[in-house]
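So this first bit is one chain, no partners, the form predicted on its own, shown in structure tokens.
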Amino acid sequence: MTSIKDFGPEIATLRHMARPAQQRAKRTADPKAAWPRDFIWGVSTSSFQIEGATREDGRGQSIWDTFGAAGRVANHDTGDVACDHYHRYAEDVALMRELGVQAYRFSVAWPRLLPQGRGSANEAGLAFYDRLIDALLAAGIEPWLCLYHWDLPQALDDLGGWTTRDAAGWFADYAALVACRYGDRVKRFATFNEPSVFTLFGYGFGDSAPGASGPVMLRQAMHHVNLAHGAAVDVLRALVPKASIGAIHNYQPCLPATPADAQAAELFGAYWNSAFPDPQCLGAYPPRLADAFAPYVQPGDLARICRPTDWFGLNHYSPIYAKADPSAPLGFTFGPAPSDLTRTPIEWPIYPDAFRDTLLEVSARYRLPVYVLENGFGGHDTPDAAGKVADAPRIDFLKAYTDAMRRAIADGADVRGYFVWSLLDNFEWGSGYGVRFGLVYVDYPTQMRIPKASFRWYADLIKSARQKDGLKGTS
């Protein structure tokens, strides 16, 4: 899940002047047009956010275990138990089957497979993902495997983590282990989830694991993650016949909090939106950052990074707003969103037109099929007296954003799938368990799963879309 910090108290007193240019464009696409044939509907999760069992069956520690143990997460929450998916995966697969999704995007925990990040593999950890993948396939659900969703082994961070060039080789070896073990059953692979988020927050702002802060460390980490992406693409391509490979990027308009913040927004947008997909897909860092990255780029690096991929994974929630801050490590920080925008309970603006605009922009710029691999609504859901969770605002959000996606497709965006974040309420990084994004409510003390009203709404959407496509409504 995108770990954008709350936008903070509303300090703006004027209506915001900046909007995506296409907001004022006339809408001509039919929002009721049929979905593309073979459109894929799914849900997403990540290993650290749901698995728990952080000290079982030989798993090593990750940087997020360390970060949580240091009390740096809200309410001193940790991922020690999370949703206990490690023991309850069969129940969660049954929920996905009931939902009717065709695909499940999950991540593999690097420290569960390689407790030291390299060297000897952990058979118990490997076997867990065997069981999960086999259960998915038995349920008619395609596994989409993401190699990295932020849980770097602590042993590798002790050696410099992403700030050392050696990390690309470590990651390639890890990718080879995953490919050899699961490539007979898994064909959809993502290298990284939201690399700009975990590097900006982990090495730039210092608000996420491993909690470092500084421009040099940030740029080193970003470049080495890019190198790791390219190396992993080559490994997967060589070891998995018919592999379909991509990376997952957060991408959204980055707008100035005030007219005086225009340059800050341009710089923030280069880091947030372009520092990874541009070199990975276009073979160059964005012009705004080229000089800053030059000291870390060795001859041949951009060719190593820009390897052929099959699709573009997009995570999108809302626009972000930038504010110039000379005291900040990078000279900018998050600014307040316009006071007139509707927001989620966690203060993220609700702006479906920005989603439509982003789909069109990404599709045109990178010329790859786009799969929306995260989109969702964070709130503070609670069961009612009857034990049901009526989350009408989430339904309204999903309805508005899927309608915006349909308009983008009608206007020419090559969008081929949509995955809701998330199947389950879970550990939401720095927010701990205080924010809920799931279609399924998790009662953490008992681990009871309660499908919310949005679960039923999404199941009906999938069934309707697939029936119009001449397919069965459930997997």
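What you see is a predicted model, and the numbers here were worked out from it, not measured in a lab. Start at 1 with the first residue shown and count on from there.
The next section is about a form of this same protein that is not shown, the form predicted together with a small molecule.
- Checking Asp411, Glu428, Asp414, Asp65 against the small molecule in the predicted complex, a heavy atom within 4.5 Å turns up for just one residue: Glu428.
- Screening Arg356, Arg219, His85, His149 for any heavy atom within 4.5 Å of the small molecule in the predicted complex leaves a single hit, His149.
- Heavy atoms within 4.5 Å of the small molecule in the predicted complex are found in one stretch of 219 to 227, 191 to 199, 119 to 127, 236 to 244, which is 191 to 199.
- Taking non-hydrogen atoms only, Gln49 approaches the small molecule to within 4.5 angstroms in the predicted complex.
- Tyr418 falls outside the set of residues with a heavy atom inside 4.5 Å of the small molecule in the predicted complex.
- Using a 4.5 angstroms limit between non-hydrogen atoms, Thr402 is distant from the small molecule in the predicted complex.
- Using a 4.5 angstroms limit between non-hydrogen atoms, Trp110 is distant from the small molecule in the predicted complex.
- Against the small molecule in the predicted complex, the set Trp41, Tyr104 and Glu142 makes no contact: no member has a heavy atom within 4.5 Å.
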